[in-house]
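This text opens with one protein chain seen in two forms, each one given by itself as structure tokens under the names structure 1 and structure 2.
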Structure 1
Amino acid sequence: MKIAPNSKLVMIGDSITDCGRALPVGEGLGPSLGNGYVSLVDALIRTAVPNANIRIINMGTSGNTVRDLQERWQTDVLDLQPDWLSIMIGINDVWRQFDSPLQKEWHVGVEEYGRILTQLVATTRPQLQGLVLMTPYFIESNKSDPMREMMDSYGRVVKEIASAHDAIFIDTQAAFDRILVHMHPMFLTWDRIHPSVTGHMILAQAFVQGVGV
């Protein structure tokens, strides 16, 4: 595994990451990691490498865009002094442009998205042993759907940033696409965003493959 034993891994993101994690810091006794992919990543690593002692902290917050990450970066990432960091952000940056088209001040365009994410990554990467960047996704098979098209463009931005800053790149959209060959999106999720346990397992397995578990 690429993550060294006894490392601390902070995983930050939006509602897909959050999933009811503990506040203000997502770790501790009980179901403090939430019931999404973060909890599955923890269980998969723990069972695969039981003596690695990786400490995982869930810092996802529902509804967040990359702007919200920027605002809470000091307290929710830097102050925790992580060895490793994973970021999955962008779904709400895109979604609000389609479900709330009139509230333009809520939209985070692709240029601003790239700029803020680059800035966060560039200033933080030197302090990290490793960084994982996960793309946002849209569980929609039709690649010419306007929201799917826009989400793909945000994913390409993530790929470029990962490449430029020595990050492990996780293409969550590709992971979903592989399984959508076999089933309609409705089987995984009604709103094409918040998936079933199967969807979270797809995300968790993409992550653990990315870090070499």
Structure 2
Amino acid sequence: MKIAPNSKLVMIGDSITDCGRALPVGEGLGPSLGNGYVSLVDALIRTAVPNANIRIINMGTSGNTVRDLQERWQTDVLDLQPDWLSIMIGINDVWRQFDSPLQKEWHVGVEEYGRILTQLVATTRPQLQGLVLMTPYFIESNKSDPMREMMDSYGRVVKEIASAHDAIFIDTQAAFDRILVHMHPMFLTWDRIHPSVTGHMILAQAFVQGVGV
């Protein structure tokens, strides 16, 4: 496993990461890590490498865009002094452009998205042992769907940033696409965004494979 024993891993993002985690800091037993992929990552690592003692902290916040991450970066990332950091953000940056088309002030275009995420990564990466960047996704197999097309463009930005800053790149969209060959999106999600337990396991497996578990 690429994450060294006794490391602290902070996982930050939006509602997909949040999943009802404890406030102000999502850490500990029971529901503290939420009921999504973060808790599954914790369980998979503890099962596969029980003596690694990886300390996982969930700092996802529902509804967040990359702008929101920037506002809380000091308290929710830097002050926690993680050894490893995982970021999955961008779904709301895209989604607001489709479900709230008239509220232009809520929209985070791909250029702004890339600029802010690059700034956060560039200033934080030197302090970390390791960084994981996970793409946003849209659980839709039709790649011509407008929201899927836009989400893919944001995912390409994440890939570029990961390459430039020595980060592990997790293509969550590709992980879902592999499953969508065999099942309809509605089996995995009611809104093509918030996944079922199966969907969260897809994310968790992609993560642990990325970090070499």
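Shifts are known only where both forms have a C-alpha. Just so we're on the same page, residue numbers count up from 1 along structure 1's sequence. As the structure is a prediction and not an experimental result, all values here were calculated from the model. Rigid core (definition): largest C-alpha set, two forms, superposition within 1.5 Å.
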Item checked: Of the two forms shown alone, the one predicted together with another copy of the chain -> 1
Notebook entry, point to check: After superposition on the rigid core, which segments of 3 or more consecutive residues show C-alpha displacements of 2 Å or more between structure 1 and structure 2?
Noted result: 28 to 30
